[in-house]
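Starting off, we have a lone chain in the form predicted alone, written out as structure tokens.
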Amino acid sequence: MTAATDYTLAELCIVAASKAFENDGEVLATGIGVIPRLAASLAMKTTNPDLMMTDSEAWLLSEPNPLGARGEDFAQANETWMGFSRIFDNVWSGRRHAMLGPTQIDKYGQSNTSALGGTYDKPKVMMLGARGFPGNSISHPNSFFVPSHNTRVFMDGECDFVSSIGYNPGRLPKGHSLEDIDIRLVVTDLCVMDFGGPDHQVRLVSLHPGITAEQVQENTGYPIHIPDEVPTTAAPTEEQLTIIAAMDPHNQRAYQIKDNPAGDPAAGDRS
């Protein structure tokens, strides 16, 4: 299919993030946030029609819901009931893949959604909390989306508060090994990464148009494994852009990355 020439950075990230789900088969996709949610929806509509998605309440859908307010004639495509007990069956069996945006991600792939700075008892900043992330991270695949790639997110040392398990032997739960950890993709406004380097080191998978490996390393607080050849992140196709627009009719994607510039700077500013 022909790649589009007129697209935004948010749309590039949606397409890149959708690849995290394309080979999952029949698993429950949970995209937390606008871009992860649209990425899962795009995968369900294109590369992985077996993907499962809920309406965030109690119904499993045969078609992903669009974001935001819907017209009075809208009818969501309910396929079957899926209450919490069934969701937890998916979680513990490994048949779920979540994508979310932590505030910190350290060199082990451990993430922080809980607290920043200070001490455990008196942090400087309180956030959402670990919620179910400790169990999720050891039970099923997870991916991350980061709208601003910098050394505050990809920080030196260990996360201020470890909310999820990563490739750190010292924090593995009893009876588990590093092979039980599955961090699929890390998509940012600069690049796509994974933890497929030597000894589960973070690895550069692709660079967004106009970005260099040096820029990515400068904005990461720990060493990145950079292969000899790093491809450019694939541009969206016209078909993908049409699906994204239908899934996001109110253009919420435009507000997820600062200024949401053109996906390919060499093509000019089309924002």
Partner chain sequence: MDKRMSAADVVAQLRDGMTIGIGGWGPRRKPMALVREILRSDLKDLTIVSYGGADVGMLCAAGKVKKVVFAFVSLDFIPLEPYFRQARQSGAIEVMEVDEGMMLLGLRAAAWGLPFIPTEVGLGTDIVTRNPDIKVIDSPYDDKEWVAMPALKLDVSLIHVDRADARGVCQIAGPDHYMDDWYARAADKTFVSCDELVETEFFRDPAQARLVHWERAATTGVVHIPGGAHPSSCNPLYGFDVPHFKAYAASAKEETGIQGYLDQYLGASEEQYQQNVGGLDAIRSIELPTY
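Positions refer to the first chain, counted from 1. We call the rigid core whatever largest set of C-alpha positions still superposes within 1.5 Å between the two forms. Here the structure is a predicted model, which is why all the values come from computation and not from measurement.
Missing here is the form predicted together with its partner chain; even so, the following discussion is about that form.
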Heavy atoms within 4.5 Å of its partner chain in the predicted bound form: which stretch in 146 to 154, 168 to 176, 196 to 204, 183 to 191 meets that?
168 to 176
Counting non-hydrogen atoms within 4.5 angstroms of its partner chain in the predicted bound form, say which of 218, 239, 63, 55 makes the cut.
55
Test of understanding: in the predicted bound form, would residue 125 fall inside 4.5 Å of its partner chain by heavy atoms?
yes
How about residue 98 - does it come within 4.5 Å of its partner chain in the predicted bound form, if we only consider non-hydrogen atoms?
no
So, in the predicted bound form, is residue 68 in contact with its partner chain at a 4.5 angstroms heavy atom limit?
yes
Taking heavy atoms and a 4.5 Å cut-off, does residue 208 contact its partner chain in the predicted bound form?
no
Those residues of 122 to 140 with a non-hydrogen atom no more than 4.5 Å from its partner chain in the predicted bound form are 122, 123, 124, 125, 126, 127, 128, 129, 130, 131, 132, 133, 134, 135, 138, 139
Quick one: once the rigid core is lined up, does residue 178 have its C-alpha move by 2 Å or more between this form and the one not shown?
no
